[in-house]
Ligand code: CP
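Consider the single chain below, provided in C-alpha coordinates and representing the form predicted on its own.
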Amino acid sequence: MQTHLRGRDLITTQEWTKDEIDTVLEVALELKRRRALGEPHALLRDKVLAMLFFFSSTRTRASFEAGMAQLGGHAQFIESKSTQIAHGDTAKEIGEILGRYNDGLAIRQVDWGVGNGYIREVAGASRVPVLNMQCDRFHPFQALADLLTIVERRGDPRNLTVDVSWAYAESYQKPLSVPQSLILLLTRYGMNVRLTHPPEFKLLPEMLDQAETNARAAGGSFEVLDDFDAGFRDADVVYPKSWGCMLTTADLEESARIGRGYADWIADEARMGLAKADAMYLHCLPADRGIEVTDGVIDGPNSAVYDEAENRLHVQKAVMALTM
(Lines give C-alpha, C1' and ligand atoms only; values in the text may rest on other atoms or scores of the structure.)
Protein backbone atom coordinates (compact mmCIF):
# COMPACT_ATOMS: atom_id res chain seq x y z
CA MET A 1 0.00 0.00 0.00
CA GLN A 2 1.33 3.42 -1.00
CA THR A 3 1.21 6.23 1.58
CA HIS A 4 2.67 9.17 -0.35
CA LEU A 5 -0.36 10.32 -2.36
CA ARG A 6 -1.28 13.46 -0.40
CA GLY A 7 -1.44 16.41 -2.78
CA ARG A 8 -1.39 14.30 -5.98
CA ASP A 9 -3.50 15.25 -9.01
CA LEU A 10 -5.50 12.54 -10.76
CA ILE A 11 -5.95 13.52 -14.40
CA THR A 12 -5.30 10.11 -15.96
CA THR A 13 -4.49 6.77 -14.36
CA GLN A 14 -1.51 6.52 -16.73
CA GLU A 15 0.28 9.01 -14.46
CA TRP A 16 -0.16 6.77 -11.40
CA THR A 17 1.80 3.56 -10.85
CA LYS A 18 0.00 0.25 -10.62
CA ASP A 19 0.90 0.08 -6.90
CA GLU A 20 -0.77 3.46 -6.42
CA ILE A 21 -3.89 2.30 -8.27
CA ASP A 22 -3.92 -0.89 -6.17
CA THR A 23 -3.92 1.36 -3.11
CA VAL A 24 -7.00 3.17 -4.44
CA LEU A 25 -8.81 -0.15 -4.88
CA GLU A 26 -7.79 -1.32 -1.41
CA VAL A 27 -8.99 1.88 0.25
CA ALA A 28 -12.18 1.92 -1.84
CA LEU A 29 -13.11 -1.57 -0.66
CA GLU A 30 -12.40 -0.62 2.97
CA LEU A 31 -14.56 2.52 2.73
CA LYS A 32 -17.29 0.51 1.01
CA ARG A 33 -17.20 -1.99 3.88
CA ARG A 34 -17.36 0.76 6.49
CA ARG A 35 -20.33 2.41 4.79
CA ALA A 36 -22.15 -0.93 4.56
CA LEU A 37 -21.62 -1.45 8.32
CA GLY A 38 -22.64 2.10 9.18
CA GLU A 39 -19.20 2.91 10.58
CA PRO A 40 -18.35 6.63 10.54
CA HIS A 41 -15.31 7.52 8.46
CA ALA A 42 -15.00 11.31 8.56
CA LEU A 43 -11.47 11.32 7.17
CA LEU A 44 -11.85 14.75 5.54
CA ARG A 45 -13.60 16.64 8.34
CA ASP A 46 -13.71 20.42 7.69
CA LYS A 47 -12.21 20.02 4.21
CA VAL A 48 -13.87 21.44 1.08
CA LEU A 49 -13.83 20.15 -2.49
CA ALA A 50 -14.65 22.64 -5.26
CA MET A 51 -16.52 20.89 -8.10
CA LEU A 52 -16.38 22.88 -11.33
CA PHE A 53 -18.71 21.72 -14.10
CA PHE A 54 -18.66 22.84 -17.74
CA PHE A 55 -20.92 19.93 -18.70
CA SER A 56 -24.07 18.44 -17.18
CA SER A 57 -23.85 15.52 -14.78
CA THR A 58 -25.95 13.11 -12.74
CA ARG A 59 -23.77 10.36 -11.27
CA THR A 60 -20.58 12.43 -11.12
CA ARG A 61 -22.04 15.34 -9.19
CA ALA A 62 -24.18 13.15 -6.92
CA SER A 63 -21.37 10.72 -6.09
CA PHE A 64 -18.74 13.39 -5.38
CA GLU A 65 -21.15 15.38 -3.19
CA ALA A 66 -22.26 12.28 -1.30
CA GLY A 67 -18.68 11.09 -0.96
CA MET A 68 -17.44 14.35 0.53
CA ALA A 69 -20.35 14.40 3.01
CA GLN A 70 -19.65 10.80 4.07
CA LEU A 71 -15.97 11.72 4.54
CA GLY A 72 -17.02 14.60 6.83
CA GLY A 73 -16.30 17.42 4.39
CA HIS A 74 -18.24 19.65 2.01
CA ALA A 75 -18.55 19.68 -1.80
CA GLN A 76 -18.95 23.12 -3.37
CA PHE A 77 -20.87 23.02 -6.67
CA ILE A 78 -19.71 25.58 -9.24
CA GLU A 79 -21.33 25.79 -12.66
CA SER A 80 -19.27 27.58 -15.30
CA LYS A 81 -22.11 29.37 -17.09
CA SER A 82 -23.56 30.94 -13.94
CA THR A 83 -20.23 32.31 -12.65
CA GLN A 84 -17.61 34.77 -13.83
CA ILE A 85 -15.85 31.85 -15.51
CA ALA A 86 -18.24 32.57 -18.39
CA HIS A 87 -17.05 36.20 -18.39
CA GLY A 88 -13.29 35.92 -18.21
CA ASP A 89 -11.92 34.00 -15.22
CA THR A 90 -8.88 32.19 -16.64
CA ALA A 91 -7.72 28.67 -15.87
CA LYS A 92 -4.72 30.10 -14.02
CA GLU A 93 -6.98 32.31 -11.89
CA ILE A 94 -9.26 29.37 -11.09
CA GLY A 95 -6.29 27.28 -10.00
CA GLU A 96 -4.74 30.06 -7.93
CA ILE A 97 -7.93 31.28 -6.26
CA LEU A 98 -10.04 28.15 -5.78
CA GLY A 99 -6.85 26.36 -4.76
CA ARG A 100 -6.54 28.84 -1.89
CA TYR A 101 -10.20 28.64 -0.87
CA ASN A 102 -10.48 24.85 -0.98
CA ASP A 103 -8.63 21.63 -0.19
CA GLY A 104 -9.19 20.04 -3.59
CA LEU A 105 -10.49 20.95 -7.05
CA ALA A 106 -12.53 18.59 -9.24
CA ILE A 107 -13.30 19.60 -12.82
CA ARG A 108 -15.50 18.30 -15.62
CA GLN A 109 -14.63 19.90 -18.99
CA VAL A 110 -15.25 17.66 -22.00
CA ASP A 111 -15.04 20.12 -24.92
CA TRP A 112 -13.03 18.43 -27.68
CA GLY A 113 -9.49 19.76 -27.88
CA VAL A 114 -10.01 21.95 -24.82
CA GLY A 115 -10.91 19.97 -21.70
CA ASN A 116 -7.67 18.20 -20.83
CA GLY A 117 -5.55 21.26 -21.49
CA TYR A 118 -7.80 23.37 -19.29
CA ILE A 119 -7.61 20.93 -16.39
CA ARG A 120 -3.83 20.72 -16.68
CA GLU A 121 -3.53 24.52 -16.70
CA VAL A 122 -5.65 24.74 -13.54
CA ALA A 123 -3.53 22.02 -11.94
CA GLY A 124 -0.37 23.91 -12.80
CA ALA A 125 -1.61 26.93 -10.84
CA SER A 126 -3.26 25.10 -7.92
CA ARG A 127 -1.68 24.43 -4.55
CA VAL A 128 -4.19 21.62 -3.88
CA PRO A 129 -4.86 18.37 -5.80
CA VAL A 130 -6.89 18.57 -9.02
CA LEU A 131 -9.18 15.65 -9.87
CA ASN A 132 -10.45 15.01 -13.39
CA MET A 133 -14.20 14.37 -13.27
CA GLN A 134 -14.03 13.85 -17.08
CA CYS A 135 -12.33 15.65 -19.91
CA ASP A 136 -12.16 15.17 -23.67
CA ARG A 137 -9.39 12.58 -23.28
CA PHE A 138 -9.88 10.79 -19.96
CA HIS A 139 -12.51 9.69 -17.43
CA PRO A 140 -10.26 8.14 -14.76
CA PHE A 141 -12.87 7.69 -12.03
CA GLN A 142 -15.22 5.82 -14.35
CA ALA A 143 -12.42 3.47 -15.36
CA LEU A 144 -11.44 2.92 -11.72
CA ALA A 145 -15.05 2.08 -10.85
CA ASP A 146 -15.19 -0.33 -13.78
CA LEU A 147 -11.97 -2.03 -12.69
CA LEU A 148 -13.22 -2.34 -9.12
CA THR A 149 -16.47 -3.91 -10.37
CA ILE A 150 -14.59 -6.46 -12.48
CA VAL A 151 -12.29 -7.36 -9.57
CA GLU A 152 -15.21 -7.71 -7.15
CA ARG A 153 -17.11 -10.03 -9.47
CA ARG A 154 -14.25 -11.96 -11.08
CA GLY A 155 -11.35 -11.82 -8.63
CA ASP A 156 -7.96 -11.80 -10.33
CA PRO A 157 -8.64 -10.03 -13.65
CA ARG A 158 -5.62 -11.45 -15.48
CA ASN A 159 -6.48 -13.25 -18.72
CA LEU A 160 -10.08 -12.04 -18.77
CA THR A 161 -11.25 -11.05 -22.24
CA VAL A 162 -12.84 -7.59 -22.21
CA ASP A 163 -14.55 -6.05 -25.22
CA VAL A 164 -14.61 -2.23 -25.15
CA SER A 165 -16.88 -1.53 -28.09
CA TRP A 166 -18.58 1.36 -29.82
CA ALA A 167 -22.37 1.11 -29.95
CA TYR A 168 -24.93 3.31 -31.66
CA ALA A 169 -26.75 6.06 -29.75
CA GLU A 170 -28.93 8.98 -30.81
CA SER A 171 -28.68 11.28 -27.79
CA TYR A 172 -25.44 13.19 -28.55
CA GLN A 173 -21.88 12.70 -29.79
CA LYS A 174 -20.22 11.49 -26.60
CA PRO A 175 -16.54 12.08 -25.70
CA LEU A 176 -13.76 9.57 -26.34
CA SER A 177 -12.75 9.69 -22.69
CA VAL A 178 -14.42 6.51 -21.40
CA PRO A 179 -13.08 4.04 -23.99
CA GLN A 180 -9.64 5.68 -23.88
CA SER A 181 -9.43 5.44 -20.09
CA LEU A 182 -10.67 1.85 -20.19
CA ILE A 183 -8.10 0.57 -22.68
CA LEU A 184 -5.33 2.34 -20.76
CA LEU A 185 -6.28 0.99 -17.33
CA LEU A 186 -7.51 -2.54 -18.07
CA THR A 187 -4.42 -3.41 -20.11
CA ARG A 188 -2.29 -2.71 -17.02
CA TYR A 189 -3.99 -5.60 -15.22
CA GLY A 190 -3.13 -8.40 -17.64
CA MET A 191 -6.51 -8.52 -19.35
CA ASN A 192 -6.99 -9.35 -23.02
CA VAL A 193 -8.59 -6.12 -24.18
CA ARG A 194 -10.43 -5.76 -27.46
CA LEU A 195 -11.27 -2.32 -28.84
CA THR A 196 -14.10 -2.68 -31.36
CA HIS A 197 -15.41 0.19 -33.48
CA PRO A 198 -16.41 1.18 -37.00
CA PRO A 199 -13.54 2.65 -39.06
CA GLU A 200 -14.70 6.25 -38.57
CA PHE A 201 -14.83 6.03 -34.76
CA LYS A 202 -11.12 5.80 -34.01
CA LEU A 203 -9.46 6.72 -30.73
CA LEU A 204 -6.31 8.82 -30.45
CA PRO A 205 -3.30 6.90 -31.85
CA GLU A 206 -1.15 7.65 -28.81
CA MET A 207 -3.76 5.98 -26.60
CA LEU A 208 -3.57 2.81 -28.69
CA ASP A 209 0.21 2.86 -28.48
CA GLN A 210 0.11 3.23 -24.69
CA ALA A 211 -2.48 0.44 -24.38
CA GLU A 212 -0.26 -1.89 -26.43
CA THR A 213 2.73 -1.05 -24.24
CA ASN A 214 0.68 -1.62 -21.07
CA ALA A 215 -0.56 -4.99 -22.33
CA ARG A 216 2.94 -6.22 -23.17
CA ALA A 217 4.24 -5.19 -19.76
CA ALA A 218 1.35 -6.85 -17.90
CA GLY A 219 1.25 -10.09 -19.87
CA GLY A 220 -2.11 -9.48 -21.50
CA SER A 221 -3.05 -8.44 -25.02
CA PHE A 222 -4.61 -5.56 -26.92
CA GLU A 223 -6.25 -5.75 -30.33
CA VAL A 224 -8.45 -3.51 -32.47
CA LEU A 225 -11.47 -4.98 -34.29
CA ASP A 226 -14.10 -3.53 -36.62
CA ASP A 227 -16.70 -6.32 -36.34
CA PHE A 228 -19.29 -5.77 -33.58
CA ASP A 229 -20.17 -9.46 -33.27
CA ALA A 230 -16.53 -10.54 -33.21
CA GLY A 231 -15.90 -8.28 -30.25
CA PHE A 232 -18.59 -10.06 -28.20
CA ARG A 233 -17.51 -13.57 -29.12
CA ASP A 234 -16.33 -15.52 -26.02
CA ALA A 235 -15.81 -12.31 -24.03
CA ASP A 236 -15.86 -12.33 -20.20
CA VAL A 237 -16.82 -8.64 -20.00
CA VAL A 238 -18.58 -6.52 -22.63
CA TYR A 239 -18.67 -2.73 -22.52
CA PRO A 240 -20.52 -1.46 -25.63
CA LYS A 241 -21.11 2.31 -25.56
CA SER A 242 -21.29 5.20 -27.95
CA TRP A 243 -18.73 7.91 -28.70
CA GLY A 244 -18.34 10.48 -31.45
CA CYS A 245 -16.05 10.24 -34.48
CA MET A 246 -14.00 13.30 -33.52
CA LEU A 247 -10.91 12.10 -35.40
CA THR A 248 -12.94 11.83 -38.61
CA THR A 249 -14.92 15.07 -38.44
CA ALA A 250 -15.23 18.04 -36.08
CA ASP A 251 -18.84 18.53 -37.24
CA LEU A 252 -21.12 16.91 -34.65
CA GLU A 253 -24.03 16.70 -37.10
CA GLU A 254 -21.78 14.88 -39.58
CA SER A 255 -20.63 12.57 -36.79
CA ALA A 256 -24.27 11.76 -35.99
CA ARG A 257 -24.98 11.11 -39.68
CA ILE A 258 -22.04 8.70 -39.91
CA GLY A 259 -23.20 6.96 -36.74
CA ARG A 260 -26.65 6.29 -38.20
CA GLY A 261 -24.98 4.04 -40.73
CA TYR A 262 -24.17 1.68 -37.85
CA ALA A 263 -27.58 1.73 -36.13
CA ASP A 264 -27.48 -2.08 -35.92
CA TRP A 265 -24.58 -1.90 -33.41
CA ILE A 266 -26.89 -2.51 -30.44
CA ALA A 267 -26.14 -4.66 -27.39
CA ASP A 268 -29.03 -7.11 -27.57
CA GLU A 269 -29.71 -10.63 -26.39
CA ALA A 270 -28.34 -12.17 -29.58
CA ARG A 271 -25.02 -10.35 -29.14
CA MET A 272 -24.84 -11.32 -25.46
CA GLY A 273 -25.35 -14.90 -26.60
CA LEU A 274 -22.03 -14.68 -28.44
CA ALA A 275 -20.18 -13.89 -25.22
CA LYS A 276 -19.56 -16.37 -22.42
CA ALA A 277 -22.68 -17.47 -20.55
CA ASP A 278 -21.68 -15.51 -17.45
CA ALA A 279 -20.29 -12.50 -19.35
CA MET A 280 -20.67 -9.23 -17.48
CA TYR A 281 -22.37 -6.27 -19.19
CA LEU A 282 -21.03 -2.86 -18.18
CA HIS A 283 -21.99 0.69 -19.18
CA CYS A 284 -21.06 4.03 -17.66
CA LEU A 285 -24.65 5.33 -18.06
CA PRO A 286 -26.81 6.94 -19.21
CA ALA A 287 -27.47 4.49 -22.03
CA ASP A 288 -29.85 5.05 -24.93
CA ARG A 289 -32.29 2.27 -24.11
CA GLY A 290 -33.68 0.42 -27.10
CA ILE A 291 -31.00 1.96 -29.32
CA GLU A 292 -27.62 1.43 -27.67
CA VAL A 293 -28.78 -1.53 -25.55
CA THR A 294 -32.01 -3.47 -25.09
CA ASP A 295 -33.86 -3.44 -21.78
CA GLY A 296 -33.40 -7.21 -21.64
CA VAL A 297 -29.61 -6.79 -21.53
CA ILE A 298 -29.20 -3.73 -19.31
CA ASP A 299 -31.81 -5.03 -16.84
CA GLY A 300 -30.84 -8.67 -17.26
CA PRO A 301 -28.88 -11.07 -15.05
CA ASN A 302 -25.53 -10.31 -16.74
CA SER A 303 -25.75 -6.58 -16.13
CA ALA A 304 -23.62 -4.99 -13.40
CA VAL A 305 -24.39 -1.36 -14.24
CA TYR A 306 -25.80 -0.42 -10.82
CA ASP A 307 -22.91 -1.98 -8.89
CA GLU A 308 -20.64 -0.20 -11.35
CA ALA A 309 -22.39 3.15 -10.73
CA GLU A 310 -22.17 2.63 -6.95
CA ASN A 311 -18.46 1.97 -7.22
CA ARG A 312 -17.97 5.48 -8.58
CA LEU A 313 -18.74 6.64 -5.03
CA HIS A 314 -16.21 4.35 -3.40
CA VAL A 315 -13.25 4.93 -5.73
CA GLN A 316 -13.80 8.68 -5.61
CA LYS A 317 -13.90 8.64 -1.82
CA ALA A 318 -10.69 6.63 -1.81
CA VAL A 319 -8.86 9.08 -4.07
CA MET A 320 -10.13 12.09 -2.14
CA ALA A 321 -9.14 10.55 1.20
CA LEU A 322 -5.68 9.68 -0.12
CA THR A 323 -4.93 12.96 -1.89
CA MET A 324 -6.71 15.64 0.15
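It should be emphasised that the depicted structure is a prediction, and the values quoted were computed from it without experimental measurement. When you see a residue number, it is the position in the sequence shown, counting from 1.
Keep in mind that the form predicted in complex with the named molecule is missing from the display, and what follows is about it.
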| item | value |
| --- | --- |
| The named molecule: the contacting residue among 276, 41, 59, 32 in the predicted complex [heavy atom, 4.5 Å] | 59 |
| The unique member of 108, 197, 194, 137 whose heavy atoms fall within 4.5 Å of the named molecule in the predicted complex | 108 |
| Option from 266-274, 251-259, 22-30, 283-291 whose residues, in the predicted complex, bring a heavy atom within 4.5 Å of the named molecule | 283-291 |
| In the predicted complex, residue 314 touching the named molecule (heavy atom, 4.5 Å) | no |
| In the predicted complex, residue 142 touching the named molecule (heavy atom, 4.5 Å) | yes |
